[in-house]
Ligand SMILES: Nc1ncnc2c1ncn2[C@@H]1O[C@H](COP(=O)(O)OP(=O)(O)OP(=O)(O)O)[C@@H](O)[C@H]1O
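The form predicted on its own is given below as one chain in structure tokens.
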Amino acid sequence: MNKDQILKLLKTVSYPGFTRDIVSFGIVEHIQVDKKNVNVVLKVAAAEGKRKTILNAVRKALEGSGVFEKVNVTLVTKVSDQPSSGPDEGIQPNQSIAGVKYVIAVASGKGGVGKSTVAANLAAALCEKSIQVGLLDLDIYGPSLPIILGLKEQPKLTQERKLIPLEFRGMKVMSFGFLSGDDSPAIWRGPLVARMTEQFFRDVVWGELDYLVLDLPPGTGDVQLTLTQKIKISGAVIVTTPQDLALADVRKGANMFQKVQTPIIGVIENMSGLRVEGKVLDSKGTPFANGLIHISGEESKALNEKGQFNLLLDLFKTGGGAKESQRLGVPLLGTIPISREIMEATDDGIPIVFQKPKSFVSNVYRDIVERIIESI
């Protein structure tokens, strides 16, 4: 067997708990063949139990081939002093992604603010402009994109073992959720998360893109640090909800981007009130034309000649996004209300910009995209 044939054999060995093979995970560091002898070096940043599982599986696969008289498999955690199977293809600091014009990071210091939904709809609104758009879910521990876009496929590999993004309504999409292929949790330490993040840029065939939208995980951890150190980011969009509890964490995320000198494009306030539309009728079904409707805690709202009303109820506090944008000295890009339509579209696996293009919320996303493009 030559090296390529051995790599093909090792692709039958899956990483414990995942359907993805150890070769595509970048675990095989070095292969040396000398007639009937083979030496394989594996770099594994995992718990001892998983390291032993991988080592035994690799040894079993090689010995089971019946080709080699001597099989030597070595595990390493520090790979800098080990021989390389090829040239260093790592991403250098602050490097642009080949073929990608602009990289937009959608971030927040807190989970549960609707960041993934915002990222997907911003990408959809960009895609409407007939430009080339990519969407990358960088949340290793809790990827949301497969649900938001209703995608369950696994990406294919090129002959060079590069990942081909999935296609969704004209945009290119990638997520760790596509690779795991099951409900197994990613119980990973930081170094493996950082390496996986880098692989999404180095080992994915993005092609020519005008915009690559990144859906970042919450917090200021390994993914954010790897991203800001390795990739040239055109700008970050900060997503928050109005209440102080969310703002306290969001400020940390925004301050991180400032410290690493990544430009912040602006702030989006999500879940900014609840839009309520309806009509007031009397017992006979006649509209209360030109009357008033009053909801406790809210200002009275005038009804039109058909008895119709349109209210925005402040379920949380108001003005959180405006406060943060003023603190950062950046624009408030938009306020997105709580909407049943967004929930239904997300559960259906279709961004609301695509599912209900004429809705109020879809137009809010389009306005935000216009401001982002203008800023870029």
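No experiment lies behind these values; they were computed from the predicted model shown. When you see a residue number, it is the position in the sequence shown, counting from 1.
Omitted here: the form predicted in complex with this ligand. The next part is about that form.
- Candidate site formed by 139, 270 and 343: every one of these residues places a non-hydrogen atom within 4.5 angstroms of this ligand in the model of the complex.
- This chain is drawn without this ligand; in the model of the complex, the residue among 132, 144, 234, 199 with a heavy atom within 4.5 Å of it is 144.
- Contact annotation: of the candidates 224, 116, 240, 175, the single residue with a non-hydrogen atom within 4.5 angstroms of this ligand in the model of the complex is 116.
- In the model of the complex, at least one heavy atom of residue 111 sits within 4.5 Å of this ligand.
- Though the partner is left out of this view, residue 218 does reach within 4.5 Å of this ligand in the model of the complex, counting heavy atoms only.
- Using a 4.5 Å cutoff between non-hydrogen atoms, residue 337 counts as a contact of this ligand in the model of the complex.
- Checking 343 to 351, 57 to 65, 325 to 333, 24 to 32 against this ligand in the model of the complex, the stretch whose residues place heavy atoms within 4.5 Å of it is 343 to 351.
- The partner is not shown here, and in the model of the complex the stretch 355 to 374 never reaches within 4.5 angstroms of this ligand through any heavy atom.
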